[in-house]
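Two forms of the same protein chain are encoded below as structure tokens; each is given separately, as structure 1 and structure 2.
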Structure 1
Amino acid sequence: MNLLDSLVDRAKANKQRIVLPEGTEERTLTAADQLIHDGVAEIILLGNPGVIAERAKKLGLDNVDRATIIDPKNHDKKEIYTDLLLELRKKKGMTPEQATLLVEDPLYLACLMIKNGDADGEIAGAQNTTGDVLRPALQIIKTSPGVKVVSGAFIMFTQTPQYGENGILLFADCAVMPNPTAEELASIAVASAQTMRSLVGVEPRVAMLSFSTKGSAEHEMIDKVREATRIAKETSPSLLIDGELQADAALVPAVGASKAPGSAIAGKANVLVFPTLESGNIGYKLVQRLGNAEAIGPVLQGMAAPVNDLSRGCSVDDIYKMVAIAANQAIGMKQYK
């Protein structure tokens, strides 16, 4: 059984409530239909019930009516969520009129449902930009305690079983933070370890990547990685992490033993933390295209609850997989809370 099958089975065994705010979007509806049929999660669709029913009929979907369907403009908890939003944002100057308007926005409503304990995770982005998905999530759900930033990780299913965890590695940050500070990079490392533990179910071994291994070069960019490694070790003493390491020293046992003798991570890493978004984004795309790896993500990490962003060019299968991933994130967060 591969990892994706395992994630689906784990989600089925411990069903989480996943809200899909783009509930009238056709790919979302098709994925929801299949997810409900397979019993992967309890699906909550946000949108006009009449429009959802009409589009489900047009698409020949038989299971959508088994979802919880909520009309953002008219539902029993609208006043509760309005009061919650006003309380959360009143220090930022939000007025009752603004709260009343925003609570009808499906992206805000989804986050308020999670904050109120009525849903466990959210998937959006088939119709909305990353900024639109993240804005209400950061305002309402916020980051996990001790986490400084939100970052984006990709689970890489490579054709090289000798590396990582039988060919599976996690790359971060590949989607959010352009140039993290040392403190932010440390936070990304800790969050990436939690993602690896929650989704792949193995002990993370984190390599902080650079163009230097253990002092083979000197530069302020290397200093940042060293400082980030120190901070991560200080904040998470049990975390298996080392840096700075070049990519080959992180992955190849012989190179790791030569360049970083005595390191518990060199040559054994399964989590690669890149120093900048530029390097992370380039790195995962090169491995994906030239190495024929499957890249699943971005999995947004660091949030207090799972909120994952889709590409607007996503497929039905992408949505299906991301719901399974969000369900596993939710399970993991509850387990390690």
Structure 2
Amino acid sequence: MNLLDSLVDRAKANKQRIVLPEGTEERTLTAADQLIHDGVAEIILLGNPGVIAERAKKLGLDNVDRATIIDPKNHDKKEIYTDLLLELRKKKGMTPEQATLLVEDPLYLACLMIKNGDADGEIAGAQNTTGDVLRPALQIIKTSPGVKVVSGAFIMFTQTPQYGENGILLFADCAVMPNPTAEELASIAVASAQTMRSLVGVEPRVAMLSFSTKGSAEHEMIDKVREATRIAKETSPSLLIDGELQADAALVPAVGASKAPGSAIAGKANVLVFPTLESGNIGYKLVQRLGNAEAIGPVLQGMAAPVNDLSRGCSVDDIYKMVAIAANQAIGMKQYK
């Protein structure tokens, strides 16, 4: 059984409540229909019920009426969520008028539902930018206890079984932190290792990437990666991590052996941590497009509940898979609470 099938099976066995704020969007509706049909999750759609019913009919979707449908402008818990939003954000200067308006924004409403215990996870981004999906989640759901930053990982299913874990690798951060500090980069490395362990089910071997391998060059950007590696080793002594490594030294055994002799990671890495968002975002897209890899993500890591962002070019299948992934993250988080 492949990895995605096993994630879907795990989700079916322990159904989570996943909220889809872009509930009137056609790919989202089609994915919701399939997810309900297959019993992968309990689906909550946000949007005007009339519009949802009309689009579902046009698309020939028979299962959408089994979703919980919530109209952001008119529902029983509107006042409860408005009070909750105000309570959470009043120190940041939010006024009651602003809270009353924002609670009708489906992206805010989805996060408030999760915060209030009415949903277990959220998937959005088929229509909205990453920033617009993430901002309410960062403001309302916030990071897990002890975690400094939220970051975004991609599970890369490459065509090169000789690398990573039979061709599967995790890349991070590809979605959130434009220029992390050394401390933040260390936190991204630790979170990426946890994501690899919990979603892919293998022991992570983390490479901290740079344009230098073990002192082959000197620059303040390399110093940051070395410092991040040191902090990650200090905070997670059992973690298999090494850096700084160039990508070839991290992946190719012969290059790793010559450039970083004695390293337990060089030539064997299955988690690649990029030094900045630029390199991570460009890197995953190059591997996806030029290397024909399937890229699943971004899987957000470090958030107190799963909120995953979609690319606006996403397919129905991408939404289906991300719901299964969010459900698995929610199951994992509940187990370790």
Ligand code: ACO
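This one's a predicted model, so the numbers in the text were calculated from it and none came from an experiment. If you superpose the two forms and keep the largest set of C-alpha atoms that fall within 1.5 Å, you have the rigid core. One-based numbering along structure 1's sequence throughout.
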- [ ] Have a look at both and say which one is the form predicted alone.
- [x] 1
Open item on the list: Looking at the domain motion between structures 1 and 2, are Gly215 and Asp309 in one rigid part, yes or no?
Closed with: no
- [ ] Could you tell me the angle, in degrees, through which the smaller rigid part rotates relative to the larger one between structures 1 and 2?
- [x] 14
Task: Core-fitted comparison between structures 1 and 2 - CA shift at Ala250, Å - done: 4.1
Task: Shift in Å of the C-alpha at Gly283 between structures 1 and 2 after core superposition - done: 3.4
